[in-house]
Every structure is written in C-alpha cells, then in structure tokens.
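There is one chain below, alone, in structure tokens, taken in the form predicted on its own.
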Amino acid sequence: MTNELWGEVREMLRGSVGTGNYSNWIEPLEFSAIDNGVATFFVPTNFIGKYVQQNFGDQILYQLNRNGSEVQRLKFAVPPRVKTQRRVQSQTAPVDPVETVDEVPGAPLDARFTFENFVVGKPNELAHAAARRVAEGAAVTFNPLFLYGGVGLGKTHLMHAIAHELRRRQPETNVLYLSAEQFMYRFITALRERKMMDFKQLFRSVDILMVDDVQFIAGKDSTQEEFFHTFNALVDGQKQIIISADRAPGEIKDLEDRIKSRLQCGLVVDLHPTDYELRLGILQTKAELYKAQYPGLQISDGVLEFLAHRISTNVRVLEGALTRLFAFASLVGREISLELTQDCLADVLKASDRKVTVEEIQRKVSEHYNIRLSDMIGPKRLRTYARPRQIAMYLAKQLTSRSLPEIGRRFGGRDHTTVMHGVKRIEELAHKDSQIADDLELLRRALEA
C-alpha cells in the first residue's frame, strides 16, 4: 500500500468515524509499511495507538482490505525519532510546543490552532479574551473556564491555542489536554488493570487540565464520579481547569447536578454562531495564507463574499471549501473566478442549498422548544406556543419558497397577515434578544445540515 492509497482510506474513515474522531485519532496516524499481512502505523504516543486499535481497528482493517490491501492485523508503534526527541527535549531549552506536549500523554495538538490563526469577531470576542487571559499563565479570578458552542465555532481551536501559548510562555508548566472520551477510556483502563492510583496521580499532578467535549461523560456514572473528584482536587490545589462542550452546563442532559454546579462556578462563555462578517474575515485570513503557498494564483473580486454568504453552516466546511478551491485552481492553472468556484464546489453549495420543507421546520422547532407539534400549529395563544410558532413561520419564510398564504395554511389555516406579523416580530426580536438570535441560527444550522 502506498501513502496515496492510505490517503484515500483516511478520507473514507473521515466519513465513517466523524470529524472529531478523525482529527483526534486517525489524522495523527502515519502509514509505515505492510509486511506479511501486518500493517504498521507510526503514532505520536502509545496511548493513541492503543486507543485506535481498540476503537477503530476493525474499521481501518475493513477499509484497507476493501481498497485491495491484504491485511490481517494492525500494529502501532512510536517511531524512534519521537522517543529521541523526548530525551533531547528533557535536557535542553524549551522547544516547539507541538513536540513537547506528549511528555504528558494527552491528545495531539494541531499546530495550526494558535491565537495568531484565530479570527476574532463579535460572536467569539469574549471567548477569545477569556482564553487569552488564561493562556497568559497568571492567576485568574475564574476557574474553570467553560467554553461552549456548536460544531465548527472555534472551541477546540481556542483550547489548543491556550495549550500552545502556555507551553511557549511557561514550558515547565504541566499542561494536560485531552477529550472527555480519552478521560473516560483512561479511567476504564485503570479500573481494569487495577492502576487507579496511577490514574489519580497523573490527573491530580497537572498544573492545567483541559477537557474537550465534556458532554460525552454525561450518563457515565463512574466516570462522572472520578471526574468530580479530580475537578475538586485540582480546584482545591489552585490549578486551572478549562472545559469545552457543545452546550451550556445546565443544558447537558444526564450530567450530574453537582458537576453542573461546579462547572457553572467559573466563567461560562458562549461562542455564538458565526455572522457574515466573521465568516468573511476567516476566508480573507485563509486566502492570504494560500496565496503564499500558491504564488501567482489570482482570486477574483466577489468570490470570498460569495462563499461567506452561501456557506453559513460550519466554519470547517467553509475552510475546507477554500482549501479545495485553491488546490483545484492550482492544478488546472486557472484564476479563481466565480464560475470556477461554482463548478469546483458544486456539491458543497448544493448541500448548503438543501430544500427545506415547512413540515421539517415545524417539527424541528417544536423539538427545540420541547412542545407538542399539535400545540404549536393549533389555536392556543399562550406565549409558550406563540413564540415558537412565530419562529417557525419566520424560518419557513426564510428557508422555503412558499408564499405567506401557503405558510399560513400549514399553520392551522392562519391568515397571511398573521404570518407577516409573526415574521416581522421575530426580525425585530433577533436584533435585540441574543437568545432568539442564537435559537434562529442553531435551528437554521440543524435544518440545513
């Protein structure tokens, strides 16, 4: 098997394991060789190799064989050069934080996720400022720092940026960054191998603990118990904790109340959905980097603005679209025009333009506000039902081609003037009520996903 074929297999795995798992576990794998039916991969740490073997080994084997490689077994090894680096690093001056972070075995850090590469806008300025303050290494008045928001809004980027900056400023600081799934896996492994004292020593000896996607421990009683005690021990020892999740602590279902209470004691910061200006800023920053990589490649006026308008669901999708666009234009030797953009990104743009029905909107809104669909469509005028009804009408007007009378008929036979009033009311509220604005963006993303 060649590295090119492994690249194809990796892309298939990206679709089957999900973006988060792919970036944490599959992307760090470096294909080495296939010998006597054994495929060997180099990994940054033994922990990553063991985790991939147990959680994704079967899928990797399946995809390798599906692509013509006769493999019966996988082997994961830390290359000698990585081990050598660690010995050298322990005896010399501080070096690049990406290389030193594995001294305390955690999740691999992405070298791209630094503060310098983080585009700040109104939706994320508070989260960025709080992350910067923690990364300065001085004592802060809030502990933990809790970052939350939807997929692709920059939570993980800020977490990695904090770790990188702390390593640069205070290389002697013991920083441990990992996902909640890794925390759970290590806890279970320690239980099984009767090494709980080692586990407790590792996690309670760090100076800064960073746990990504903490919602994944919800419902896992034993893991929550240990997380609770670890959390308390570190706070009591005046150690900093940084946590991220896809929603606020109080909204994480099946998370113990005592943990919710602890998480809410610090600074809880929401990364709001991106607006047009922030998306355009991200594209402009990325485009400048790509222009250096592809000298001479021209991009027409209006292309970045077009993408910022059309791809609003996810920053990762937006960045991926720009990466593909520059690579394609370089290969065919053409200027990045609007026409080339539409041809190259036809599938991405089509996905962003997925047709949404009024019925889908009604169902999604009723689920979001935890009310019955019949109550939202029905005649009841209680605010509990009236506001979600108006939001559903607004989204139907924005996301479908249905006329106001048609929308009214689908909302219990209401007159088009009622729909018009509801749409206007939500437009007004969205400008002065951040919760309404967030709900609209979250619902829009869910419907366009």
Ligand code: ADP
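From a predicted model like this one, the values you see are computed outputs, not experimental measurements. Each residue number is its position in the shown sequence, starting from 1.
There is also a form predicted together with the named molecule; it is not shown, and the following applies to it.
Does the trio Val119, Leu153 and Lys286 actually contact the named molecule in the model of the complex, every residue with a heavy atom within 4.5 Å? Judged in the model of the complex, Val119, Leu153 and Lys286 all sit within 4.5 Å of the named molecule.
Please pick, from Glu319, Glu360, Asp375, Glu305, the one residue with any non-hydrogen atom lying within 4.5 angstroms of the named molecule in the model of the complex. Contact check passes for Glu319.
Of these, Tyr294, Phe113, Phe228, Phe328, which has a heavy atom no more than 4.5 Å from the named molecule in the model of the complex? If I apply the 4.5 Å criterion carefully, the residue I get is Phe113.
Just one of 260-268, 145-153, 215-223, 329-337 has heavy atoms within 4.5 Å of the named molecule in the model of the complex; which? Stretch with heavy atoms near the partner: 145-153.
Does any part of Leu345 reach within 4.5 Å of the named molecule in the model of the complex? Heavy atoms only, please. No, Leu345 sits far enough from the named molecule in the model of the complex that none of its heavy atoms falls within 4.5 Å.
Residue contact check: Arg186 to the named molecule in the model of the complex, 4.5 Å heavy atom: Close contact is absent here: in the model of the complex, Arg186 is far from the named molecule, nothing within 4.5 Å, heavy atoms only.
Applying a 4.5 Å heavy atom distance criterion, does His272 contact the named molecule in the model of the complex? It does not: once the named molecule is placed as it appears in the model of the complex, His272 has no heavy atom within 4.5 Å of it.
Any of the heavy atoms of Leu178 lying within 4.5 Å of the named molecule in the model of the complex? No, Leu178 sits far enough from the named molecule in the model of the complex that none of its heavy atoms falls within 4.5 Å.
Can you name the residues of 123-145 that have a heavy atom within 4.5 Å of the named molecule in the model of the complex? The stretch touches the partner through Asn124 alone.
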